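Starting off, we have a lone chain in the form predicted on its own, written out as C-alpha cells.
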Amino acid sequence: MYLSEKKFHSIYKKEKSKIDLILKKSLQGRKPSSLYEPGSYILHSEGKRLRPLLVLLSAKAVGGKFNQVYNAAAAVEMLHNFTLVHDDIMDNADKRRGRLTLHKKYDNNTAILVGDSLLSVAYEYLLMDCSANAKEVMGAFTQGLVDVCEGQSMDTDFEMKKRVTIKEYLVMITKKTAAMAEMCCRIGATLGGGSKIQVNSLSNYGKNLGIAFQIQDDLLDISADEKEFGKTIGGDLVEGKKTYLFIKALEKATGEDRKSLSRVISSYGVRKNQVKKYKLLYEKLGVLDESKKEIRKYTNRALNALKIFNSTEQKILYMLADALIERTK
C-alpha cells in the first residue's frame, strides 16, 4: 500500500481523536469532583498525543491491530500527563499547551493529588489490554516510570551543578524523555504480538526518537513563536536550565561570551528581557545549527532501527519521525 503524506495525517488525526475521546471519558462520573474535575482539565488540554501514537503504530508494525491497544495508548498518555503536572510544579511553570498549568489554576496540593491519580488510573487502563503478556507489559510500563523519575531527579540536580557535560545531559534526557518513547514502542509491539527482535528494534526507534524530540524541544524553547509554542519563549534560560544549547554554548564560548554564560549559572537564570541577548549569542556560537545536526543524527539512528520491517510499516514511522523534527511547537 502506498502511503502518502495526506494519508499519514489522516491516520494521525483519526487515531488522535479516538485517544482524545477515551481520555475525556476516563474520569467521567468519578468522585470526588475536587480530584477528578482538575484531572479532566489536564486531560482535555489536548497535546500532540505522540506517545499513544507510538503505541498504536508499534502494534501495527508487528502485525497487530489498533483496537488491541487503545487502552494502553490512553494509559501512556495519562502517565505522560502525570509527569507534566509534577514537572510544572517543580518548575513553577505558568502555562502548558497554551493554558494555565494545573497548580496555577487550582493549587499545588490539588495538582500533586491529580498527578498521582492519573498514574493510578493509567495502570487501570493498561491492564485492560493485557492478557498472557501482562508481566512484560507492566514491567515495561513500570521501568519507564522509574526512568522518568530518575531523569527528573538528574535534571533537578543539574540546577545546582556548576558544570554539566553533553554526555551527562544525554544520560538525563535518555531517562527523562526518551525512556518513555522507548516504553511506548515496547508496549505496543509486545501487545501486538511482536517477536523479540521486532520489539527491541521498535524500542530502539523510540529511544532515539525521544532523544531527538528533547533536543528539538530545547531548540524550540529559544527559537519558536510563543503563541504557537504555547509556552514562554526562553523559559529554559529564565529558569537557568542546562539544556543542550546552553551546555554546547558554554563549551564553545571564550572571553566575555563565556563570562556571560557563566553568569546564567551563578544567577540561577536570566531576566526575561535578557533572553534575546542570549539567543543572539547562541546564533553567534553556531549552537542552533549544531542542535539541528544532533536532532537529525538521532532521528537517523531511529530510522535505521526500522530496517527489519517492510516498506509500508517503515513509511508511517518514518513520516512520524519527520513530522516531529519539523514541528514548530
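None of these values were measured; they are calculated from a predicted model. Position 1 is the first residue in the sequence shown; the rest follow in order.
What comes next is about the form predicted together with another copy of the chain, which is not displayed.
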Candidate spot Asn204, Gln216 and Leu250, all three touching another copy of the chain in the predicted bound form (heavy atom, 4.5 Å): no
In the predicted bound form, the one of Ser223, Gln152, Thr174, Asn200 near another copy of the chain [non-hydrogen atom within 4.5 angstroms]: Gln152
In the predicted bound form, the one of Cys130, Val238, Ala93, Leu170 near another copy of the chain [non-hydrogen atom within 4.5 angstroms]: Cys130
Tyr244: touches another copy of the chain in the predicted bound form, heavy atom cutoff 4.5 angstroms: no
Contact label in the predicted bound form: Ile265 to another copy of the chain, heavy atom within 4.5 Å: no
Residue contact check: Arg163 to another copy of the chain in the predicted bound form, 4.5 Å heavy atom: no
His80, heavy atom within 4.5 angstroms of another copy of the chain in the predicted bound form: no
Interface stretch in the predicted bound form with another copy of the chain - options 93 to 101, 208 to 216, 70 to 78, 107 to 115, non-hydrogen atom within 4.5 Å: 107 to 115
